[in-house]
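Just one chain follows, in the form predicted on its own, and it is written as structure tokens.
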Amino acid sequence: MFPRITRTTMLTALTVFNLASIAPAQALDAAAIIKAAMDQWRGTSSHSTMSMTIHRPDWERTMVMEGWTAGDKKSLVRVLEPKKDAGNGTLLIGDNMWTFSPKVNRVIKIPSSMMNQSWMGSDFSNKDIARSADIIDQYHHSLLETQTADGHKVYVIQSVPKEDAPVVWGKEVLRIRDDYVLLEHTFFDQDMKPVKRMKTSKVGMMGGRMVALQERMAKIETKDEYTEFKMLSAKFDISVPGSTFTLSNLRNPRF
């Protein structure tokens, strides 16, 4: 004989089914929002110029850089100014990163253990500069809340590393606008205390899309120290030769 199906049994089954279907949907939505924000910044490809100002209590310096991207696995950043830093470059292909310094005329491969170290003395790490897509695959994502700011919905997303993910952060929290502009990105240590935060202070149209025009990264507990990026020009979804992302081009620029 089959067991008798009561109204209580049916309601319990429906509740379990609903909970099981909601959780994966939320996780998928949160991951999709982060992916869309990354695509908004990169496009299928891009070419941009930007300035980076490193500010400390007793000194400040500014560099102008040029950058190219192709998909979410390839990027090249090269310093244009000042003259003493011109030619310094960083190349990312997949999980591999190399730097080049004209002063020593050497291409150096950055080991994975150094990906979270400072990039050129700034508050951005090597991984921050690369803006790799690792966060998509190596984290579990959940939508914490939806806020409203300046006429936009803002999604607050928590990203917690998967158990075997090779990352140093305990979690990351992102605030992303409904047009997929990243407004804020906070990094937490293993004790879940915030360590550093990137904030977008200016948003505008460039290259046919809304992008962050000015971003500042700063450590939470360090006063009057920060690194600020300003977007000077940008083009998206353009033709970028594959030879751009080579060690040869890193050392001897052709693009």
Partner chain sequence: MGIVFHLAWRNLWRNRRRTWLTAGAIAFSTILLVLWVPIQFGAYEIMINASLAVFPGHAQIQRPGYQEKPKIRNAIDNAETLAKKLRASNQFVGVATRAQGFALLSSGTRSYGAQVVGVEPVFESGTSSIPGLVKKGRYLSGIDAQEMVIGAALARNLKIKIGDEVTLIGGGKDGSVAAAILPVVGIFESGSNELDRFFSEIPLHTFQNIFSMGHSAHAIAIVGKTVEEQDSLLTALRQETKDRNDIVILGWEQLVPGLKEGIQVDKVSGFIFYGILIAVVVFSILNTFLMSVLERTREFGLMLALGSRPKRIAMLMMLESTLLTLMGLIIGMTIGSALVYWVHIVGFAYPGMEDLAQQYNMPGLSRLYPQLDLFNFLIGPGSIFIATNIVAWIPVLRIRKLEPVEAMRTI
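Numbering follows the first chain given and starts at 1. The structure presented is a predicted model; accordingly, all values stated were derived computationally and were not measured.
Keep in mind that the form predicted together with the partner chain is not shown, yet the notes after this line are about it.
Q: Picking from 147-155, 111-119, 180-188, 162-170, which part of the chain touches the partner chain in the predicted bound form when contact means heavy atoms within 4.5 Å?
A: Result for this chain: 111-119.
Q: Please check if K199 has a heavy atom lying within 4.5 Å of any heavy atom of the partner chain in the predicted bound form.
A: Heavy-atom contact with the partner chain at 4.5 Å: absent for K199.
Q: When the contact criterion is heavy atoms within 4.5 Å, does S125 count as touching the partner chain in the predicted bound form?
A: No - in the predicted bound form, heavy atoms of S125 and the partner chain never come within 4.5 Å of each other.
Q: Taking heavy atoms only, is D85 within 4.5 angstroms of the partner chain in the predicted bound form?
A: Within the cut-off, so yes.
Q: So, in the predicted bound form, is E225 in contact with the partner chain at a 4.5 angstroms heavy atom limit?
A: Because a heavy atom of E225 falls inside 4.5 Å of the partner chain in the predicted bound form, the answer is yes.
Q: What is the one choice in K35, R209, R216, R56 with a heavy atom within 4.5 Å of the partner chain in the predicted bound form?
A: Of K35, R209, R216, R56, the residue with a heavy atom within 4.5 Å of the partner chain in the predicted bound form is R56.
Q: Just give me the residues of 146-167, first to last, that have a heavy atom within 4.5 Å of the partner chain in the predicted bound form.
A: Stretch hits: zero.
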